[in-house]
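Next comes just one chain, in structure tokens: the form predicted alone.
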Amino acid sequence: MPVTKAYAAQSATSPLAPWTLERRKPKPHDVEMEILYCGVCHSDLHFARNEWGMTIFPVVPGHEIVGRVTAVGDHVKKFKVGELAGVGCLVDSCRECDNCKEGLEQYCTQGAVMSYNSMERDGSGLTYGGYSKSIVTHEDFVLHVSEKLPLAAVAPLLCAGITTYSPLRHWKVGKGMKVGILGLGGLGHMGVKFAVSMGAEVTMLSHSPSKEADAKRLGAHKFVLTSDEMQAKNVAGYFDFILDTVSAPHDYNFYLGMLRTNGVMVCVGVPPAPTAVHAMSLIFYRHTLAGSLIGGIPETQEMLDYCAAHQITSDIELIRMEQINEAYERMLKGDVRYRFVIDMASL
């Protein structure tokens, strides 16, 4: 089997370091890609350090993958050698359950196969992610990427982009709606860009006054400092929709109180511990608290096409592969605006 250079964590306490892994030769429906850029998601850090208790070591993280097609299987119809392509969080699913048939492969009832730390459905081994020089994936889970956008800034769209785009689309955010984006980070900055482009009035909700200037630069129409009691009071019952991107502990009830009648708050961040929600926060004014996980393959392709049409990309800081451990530490401190992307030419 072909070998490729990669960076892997060998244990929860070891830093990411050079490693060599085997990729399968392309099967009839496979696409082989040279990885040019790979975004760095906070979940990469969670898996590298086994913070969710589910990591299989060694682990090669990375699920925001863009590159160029280098080989295709004999039966591949969707891609040609030389084309730009992307691979996101998903590389397989059962294809047979109701969710898969509806293009919601992320909710596959038999368990979706993720880009890394998942077992292949055929039992051939473990998946390894984008912190590597190449990847081989079934054509149904490879995405077309536009030549019109800077490729490095496209990479985070494969996770941060679709994670925020999907709930905005599902709950039909658009003109005339008042939308709050809670948290300005890798997810939040994409939420602002998408909601603004969809025609909503967008307010950034943040406890950090230093985020106001950047929120406005990204297109937010308003800024509310949530630690200021008066500012928070002024938006009680104000929003039709709140996109909660925060992964740190916070009080859901506080933000549910900012929703109008029939308002919806959708969580895409994952706090480390359960959060108490009072029934009264939901019952009065018929509020909805919901969650959303990335997006299926059709919707992810829709999102990439939407970004190409509206010239939307992520704000990134390009790093070399050997800077990844430093990048993780900076990410924990919130010292990135707003997504690290690895230049795989440095590997």
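Please read all numbers here as calculations on a predicted model, not as lab measurements. One rule holds for the numbers: they count along the sequence shown, beginning at 1.
The form predicted in complex with a small molecule exists for this protein as well; it is not shown, and the discussion that follows is about that form.
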Scan 154, 202, 142, 184 and let me know which has any heavy atom within 4.5 Å of the small molecule in the predicted complex.
184
Of 319, 308, 36, 293, the one that lies within 4.5 Å of the small molecule in the predicted complex (heavy atoms)
293
Considering only heavy atoms, tell me if residue 127 and the small molecule come within 4.5 Å of each other in the predicted complex.
no
Verify the contact flag for residue 269: yes if a non-hydrogen atom of it lies within 4.5 Å of a non-hydrogen atom of the small molecule in the predicted complex, no if not.
yes
Proximity of residue 208 to the small molecule in the predicted complex, heavy atoms at 4.5 Å
yes
My question is simply whether residue 50 lines the interface with the small molecule in the predicted complex - judged by any non-hydrogen atom within 4.5 Å.
no
Contact stretch among 208-216, 91-99, 169-177, 191-199 - heavy atom within 4.5 Å of the small molecule in the predicted complex:
208-216
